[in-house]
Structure formats: structure tokens, C-alpha cells
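Single chain ahead, by itself, as C-alpha cells, in the form predicted alone.
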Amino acid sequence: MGPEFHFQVVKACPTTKARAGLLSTPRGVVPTPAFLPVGSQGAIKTLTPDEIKDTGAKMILSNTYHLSLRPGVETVARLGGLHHFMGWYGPILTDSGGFQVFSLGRLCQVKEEGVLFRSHLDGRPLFLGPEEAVALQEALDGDLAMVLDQCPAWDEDRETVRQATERTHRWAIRCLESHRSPHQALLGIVQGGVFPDLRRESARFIASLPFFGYALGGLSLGEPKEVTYAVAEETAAHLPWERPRYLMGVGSPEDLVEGVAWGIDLFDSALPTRVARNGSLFTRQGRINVDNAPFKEQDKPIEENCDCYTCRRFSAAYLHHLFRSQELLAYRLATIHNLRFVIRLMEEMRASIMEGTFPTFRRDFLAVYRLTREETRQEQKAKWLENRRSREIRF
């Protein structure tokens, strides 16, 4: 890691753990707290790089697992690296692909050397170990890279989680030892499931290693929200103040607000873009479904004070029509709105931290934001997981 990588906390909230920072990389500075749109296959679905930039996004996430299957990491490297390949020249964080591999369930076998698994596309056998995960990410030439970790299901028994956590620690050391690129910073990942003592032990161990930053993994995998909150807050408290903290896979507006209060700096999730393609749009009052009948005659934007391209140009009635007609433009406009909503939320939280008003901002936002019912959230998560399982090929 070269000297061009730097993180600085510039202002902290005295009554919460929220902080505003600057994360410097060779390809740009990211004001934190920040949300990273997810482009697993080298694209934010339906949007061009310029449209992503217009939402205010400073850094995006791409996934090594998906890119290694299509078009192949070697292909991306030959074509000039991921930034040139996808036409995004700001910072990129690449995930190791570990979560995707372990989510294949029966398709993977875990050994100390790494994971033997089968492609969900064609069933061909593949291997991913710590050294391979690092080498693939170095070839992609992203700015921030993640170690390979073992991510158990949230409801696994304690002994299974303990073994996975200890293996994650051993793999973290191997990732550090194999990382060579001075143009890329490596982040460690804390595991430990939903067990507070295992989380504390993991946080202390990973924080003892010289990573540029530290991530909270293994959360938002279907566990009750109160469990996510308790575990994430407890874990973040044991991570170094002077290093960036990253909560993986979290993107609901209320979770972003709470995460910032715990001192988290970076977030990523496919949720804003995924629900957008189903007609579910974020507003300050909560999520609404623009496909519903009441929006058929609404001759005003989804949210009147929203500065996104969609709300500046089109009515809710028009979006309702596009979704009912299954026009491709619907998915694009909805995605623009949801991404701008969460990124503007991050900008407003950062401004409130700088101004010393974050506790008031947090209170006011949560007072009016209508949460998605827990039962609905669990049903949606279960449906998503079932769709993944339906594509499995037996190992």
C-alpha cells in the first residue's frame, strides 16, 4: 500500500460515535460516511458511469467472483484493468467473492487451503484460496480490496461459527502476506456470527493486523434487525478509531443512519437498486411502491424536494405508467432516484456531523421514516435466498 492511501477523521459527534472523514486513494478522495453502489459484474444495473457520478457516488463496489466467471479476470486485466474496462475512473472497492462462494451452499467445500466450488453458471469446478483472492483483485486493479473470509449462515451453531472465525483469521494473515500491489489497499474482515464474545475476539485479532481498514462481515444475512444492530454496534466499538470502518451489505436508509451513529464510515448494498427495479422507491416517509393505484394520477414527483434527475423531470404518474407498461426506462429512472436518495442521505449526515447537529438529524429522520415491516423484510430476504438456491447445481 502506497502513501497515497490515507484516512482522516475530521470531525466527530460528541454524543454519538458518528464521525466525518476523508478517505484518500490514488483515484480520488471519498468524503465519509459514504455509500458504495454495487456493480457486481462491473456495472450498476441500468446506469452509465456518468449517471452514477451524477447521483453523487464517489466510490463503487465490484465483485471478484462474478468478474472471474464473466468475462474473466485475465480478460479485464488485458483490457487495461477494471476502471478502464467499465469506464469508471473513480475509486473502486473489489469484494473477494467469499460471500458469493459460501452462499452457493452445497456447491462449495471448505478446506484449510481455501474453497472448492462449482460455478453457478455451468457447474465447472473452481478453487479460491486467500492467495488466489488477493491475486485476482490485484489483477483487476481496484483501489480497495477485501481479504477472503469464511462467512457462515447467521443461524449456524456456535462451534461452526467459531471454527469459521478462526479460519477467517488464518486466511487474513495469508492475504496480508501475499498482497504485493502498492497501488491497492487491503481491508480485513471481522466475523463471529451473532455471538458477542466471538465478535469481540475477532475484532481484536483482525485489528491487530496492519490492514488499511476493517470491515464487519457476516451481517444482514436474514437475522432479525435488532440482532444486526446489537452485533454491529458492539463490533465497531472494538475497531481502531484512526482506520476506516466498513459495514458490508447494509443499505436500508434507517440502517445507514444507525450505522453512522455507531461510527461506521463505509456501506454497500444492492438493496437500493434491486428494490428500485421492483418499483419500490425511497422517500423521507419510507418506501412506497409506485406501481400501486394511488400513483396513477399523481402529477408531482415521487418526492418534491428531491434533486435527482427523475424527480426533477418526471411525475410519479409517469413512473407508474412505465412500470405498468414494463418499459425499460422505468428501471433506470427508479434506480437513479434510489441511489441519489441514499447518497444524499449520506451527504446530509456528514454535513450534520460537521455542524454538530447529527443527534437532531438522526432523531428527526427516524421520527418520520416509516420502516418496512419486519415480516415483509424477512419474506423478501427469504425469496431472494430461494431464488439463489433454485439456481444451484449439486456438488
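Note that the structure is a prediction, hence the values are computed from the model and not measured. Heads up: residue numbers just count along the shown sequence, starting at 1.
Below: the form predicted together with a further copy of the same chain, not depicted.
**Q** Does at least one non-hydrogen atom of Y65 fall within 4.5 angstroms of a further copy of the same chain in the model of the complex?
**A** Taking the distances in the model of the complex, the answer for Y65 is no, it never comes within 4.5 Å of a further copy of the same chain.
**Q** Taking the shortest heavy atom distance, is P37 within 4.5 Å of a further copy of the same chain in the model of the complex?
**A** Residue-level check for P37: no, no contact with a further copy of the same chain.
**Q** Would L128 count as touching a further copy of the same chain in the model of the complex under a 4.5 Å heavy atom rule?
**A** No, L128 sits far enough from a further copy of the same chain in the model of the complex that none of its heavy atoms falls within 4.5 Å.
**Q** Against a further copy of the same chain in the model of the complex, would V231 count as a contact residue? Criterion: heavy atoms within 4.5 Å.
**A** So V231 does not count as contacting a further copy of the same chain.
**Q** Would you mind picking the one in R362, R332, R340, K58 that has a heavy atom within 4.5 Å of a further copy of the same chain in the model of the complex?
**A** After the contact test, the surviving option is R332.
**Q** Within 4.5 Å of a further copy of the same chain in the model of the complex, heavy atoms considered, which of G87, G123, P182, P294?
**A** Exactly one residue meets the criterion: G87.
**Q** Among 210-218, 71-79, 169-177, 279-287, which stretch has residues with heavy atoms no more than 4.5 Å from a further copy of the same chain in the model of the complex?
**A** Stretch 71-79 is the one.
**Q** Taking a further copy of the same chain as it sits in the model of the complex, which residues of 1-36 have a non-hydrogen atom within 4.5 Å of it? Please list them.
**A** Counting only heavy atoms within 4.5 Å of a further copy of the same chain in the model of the complex, no residue of 1-36 makes contact.
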